[in-house]
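Coming up, as structure tokens: structure 1 and structure 2, two forms of one and the same protein chain.
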Structure 1
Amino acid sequence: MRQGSICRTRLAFAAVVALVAAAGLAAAPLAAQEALAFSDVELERGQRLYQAHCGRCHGVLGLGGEGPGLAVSRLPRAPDHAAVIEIIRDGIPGTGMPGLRATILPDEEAALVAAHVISLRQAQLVEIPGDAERGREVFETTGVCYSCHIVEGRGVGIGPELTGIGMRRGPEYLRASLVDPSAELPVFRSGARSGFAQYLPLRAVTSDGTVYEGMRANEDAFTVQLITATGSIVSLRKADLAELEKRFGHSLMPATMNLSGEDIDNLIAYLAGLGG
């Protein structure tokens, strides 16, 4: 499945380069030319080096994790190939982004990794097939998405707020989160709580046999708080628990939700437009 996605990204990238070249789009030509200067073989090497050096923080597909997603339409601090190389070399001081010295990643390899990063972004410029307006209807009606998500102040915040999701997540990620919600759970970005998996489904059983199921909202050494499916918050003392099951790799978000392929395309078009 992962391998499949990588292939799609690469194909989409080729399509976009062709599209950008044909249409002469104003925003991207510079980056497109830069990436085009690398052969397919070089780009593939860049992808492998990226996965080895960057994947653990930015995700193997660039969808983000401890570091931000790089498969997004705009990177504020890395507008072009040269800027990506500079970030690879120097890191971003004062943040979780480390610099990589030339002894670890020689200049020639850093250039290939940067080309891969640029290609991740270009794949996001692909036209999305769905119809955003119909996606909004599915979101509000049959999809029952408001029962777990907030968009612009409306809905229930059991899952992450989706206002502005189109700025943070590319279409590949959005598709994965609808088709296979447990594939990649959002993780806190940086700082002291780095690596704390958010939206972790929990099952807790107290010593008197009461069962609580919901999503972890917070946890420390002595207590755990979870949000139940109806949106109420329960705080439990670990000393009172007979059992606490953390369901890593599971999502509270229902996996099938009875959405057709067309519904999913339309939803992606709608979500991609939020905030963008």
Structure 2
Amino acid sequence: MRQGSICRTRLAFAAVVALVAAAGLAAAPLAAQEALAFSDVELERGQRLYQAHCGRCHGVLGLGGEGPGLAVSRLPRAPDHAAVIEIIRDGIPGTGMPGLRATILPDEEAALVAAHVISLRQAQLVEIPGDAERGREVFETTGVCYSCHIVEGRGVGIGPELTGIGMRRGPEYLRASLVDPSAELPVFRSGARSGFAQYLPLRAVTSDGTVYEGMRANEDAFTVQLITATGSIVSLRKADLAELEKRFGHSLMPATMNLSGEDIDNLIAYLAGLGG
């Protein structure tokens, strides 16, 4: 790195420390300081690469979407620059986070993307309208939320578990899921189940006329398993079915649940706070 770049880096770091001190906060964590070791040009390139490869799931500003927001003070799985690169390369098994091979993202570019992700820790926090405590009351008193979702061990797991949802999904994604649940339906993005729609509503009718409705849990060429509204898991042989309806593009979750705009804001504030 040229001497001029070193000086600009030191000045930038001093400016960040001064801003943080002026706000009465602790100095930037070491992991966030690592991004300052890169020049402005390198960070801008890392931002463009991030937007091309990561923005669809994590949001172009890193505020989250289908994937978790990255503009946070701490990434539990990636405490430093090297760990971010490792996740970019290997992904996170058992999640929707795929790895990117060096043939897709060379090592130099992966380092720049990781530097941009680290720099997001200096981003401004997003102000979310609404009262989180009132949102918790809405969640607990509608009589609907706990019938499909689990939060800290309470509820039924027909839909996604919401414990820690604030660390995995951004506010705009949460709002879209509440206002139009069918608009944001996740899929598996890696491994043998790539493209397999999660939380797919099913209606199955057996040869003797028994009707089962619920959420698909698993399926192969010969059987299908679904979770009913009571949380029971039913396994059916396709050969025994007279009808099997798969409602692609639909969600069992009712849109906004007849909530007011204020209640929706409060509910989003509550959900965004789950997981810190």
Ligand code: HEC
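Numbers given to residues start at 1 and step along the sequence of structure 1. Take the two forms, find the largest set of C-alpha atoms that superpose within 1.5 Å, and that set is the rigid core. Worth saying up front: this structure is predicted, and the values here are computed from it rather than measured.
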{"item": "Which of the two shown is the form predicted together with the ligand", "value": "1"}
{"item": "Residue shift check between structures 1 and 2, rigid core fit, Leu244 Cα at least 2 Å", "value": "no"}
{"item": "Rigid core superposition, Gln51 Cα moves 2 angstroms or more between structures 1 and 2", "value": "yes"}
{"item": "Core superposition between structures 1 and 2, C-alpha change of Ala217 at least 2 Å", "value": "no"}
{"item": "Core-aligned CA shift between structures 1 and 2 for Thr95 (Å)", "value": "11.1"}
